[in-house]
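One chain comes next, on its own, written as structure tokens: the form predicted alone.
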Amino acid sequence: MRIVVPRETAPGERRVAMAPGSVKRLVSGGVAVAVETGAGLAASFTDEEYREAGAEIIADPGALFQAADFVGKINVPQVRDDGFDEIAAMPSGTLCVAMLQPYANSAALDRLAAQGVTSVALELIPRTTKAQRMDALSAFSTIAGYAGVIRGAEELGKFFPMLTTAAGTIAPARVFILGAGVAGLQAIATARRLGAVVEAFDIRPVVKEQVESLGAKFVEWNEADEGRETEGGYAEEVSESEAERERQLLSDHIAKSDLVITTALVPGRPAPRLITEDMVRRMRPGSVIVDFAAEAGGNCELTVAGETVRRHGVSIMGPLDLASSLPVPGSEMYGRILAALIEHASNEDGILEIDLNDPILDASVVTHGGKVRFEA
């Protein structure tokens, strides 16, 4: 088996699909790995480190893709600025694994199928115990939860912990986290480590124990019930009337918070609108909102994707690069995820076999046999 790791060319992307450590483990197991020249430089991994790990370094992307059995990427394959077409360069029968964003990239899926490429969208890996080692969404949500709080703290301009100084006692920052999934729980843990007083809200009462175990207060909603969680572990979408009652509950908590982190997402749909302009008006000047859902339209109606805007004295951040903002651990985790998927999809002889009767592959293989299998 020959695995190739191309350079990521999406704007702002600093991660690489495999760090040298993952390459070394695969090579020691008898797998050939080729890495494009400079693929790891944005994540501080040099070509020499990859060579020492046993990888072949190839400068020509055409030659790199031509010999591929398995292409490992972070982002959906694309046409590069220099005109090189990554999908067209993949041989028929190649297995391509990436964060394909299948809800938004139907044209790329059509092209992958027409090229005869079998592709796996890691976002669709089921959240089961057996698939846990392949859960890229959780890995990158962990990074986003940490990085989002750090950025919010920098923007806030005040101490997080309570401090007793010669000039008197300084009150701790108040942080409110909306959504207690993987990103939200990591945001809670990070804010608590920094010394903030933290509250959190989620429509799933099942997460209350997790929130409180991290030292945060769980804001309860009397309309919440155990059926608010989907099979994949996500919060279920609520009706507009329920959403309005939810916003009424959240408004007072948001108004007294210094930093609000929003993490609510529904796969394949626009982000639920949790914070209105009227709610922002009630916040104290100098407060900060970090909207993790900016790319999907935002949990705050004033969010501008990719920008930090100031409205009614409040800074509203819409970052698009949280998951890629820590490229070293991001690349290391992603490489382990790819290695786990390779192990799962390989037979006893180390040959890749796409068994669509396997529940993990059935859920995540989006193109196979010249056809698109994914239906949004």
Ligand code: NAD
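One rule holds for the numbers: they count along the sequence shown, beginning at 1. No experiment lies behind these values; they were computed from the predicted model shown.
The next section is about a form of this same protein that is not shown, the form predicted in complex with the ligand.
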Segment assignment from 111-119, 194-202, 161-169, 82-90: heavy atom within 4.5 Å of the ligand in the predicted bound form: 194-202
The ligand: the contacting residue among Thr190, Ser287, Ser141, Asn75 in the predicted bound form [heavy atom, 4.5 Å]: Ser141
Option touching the ligand, based on a heavy atom within 4.5 Å in the predicted bound form, out of Met99, Val266, Leu249, Val304: Val266
Close approach of Val182 to the ligand in the predicted bound form, 4.5 Å, heavy atom: yes
Close approach of Asp321 to the ligand in the predicted bound form, 4.5 Å, heavy atom: yes
Distance check, Arg127 to the ligand in the predicted bound form, heavy atom within 4.5 Å: yes
Distance check, Leu274 to the ligand in the predicted bound form, heavy atom within 4.5 Å: yes
Residues from 287-302 in contact with the ligand (non-hydrogen atom within 4.5 Å) in the predicted bound form: Phe292, Ala293
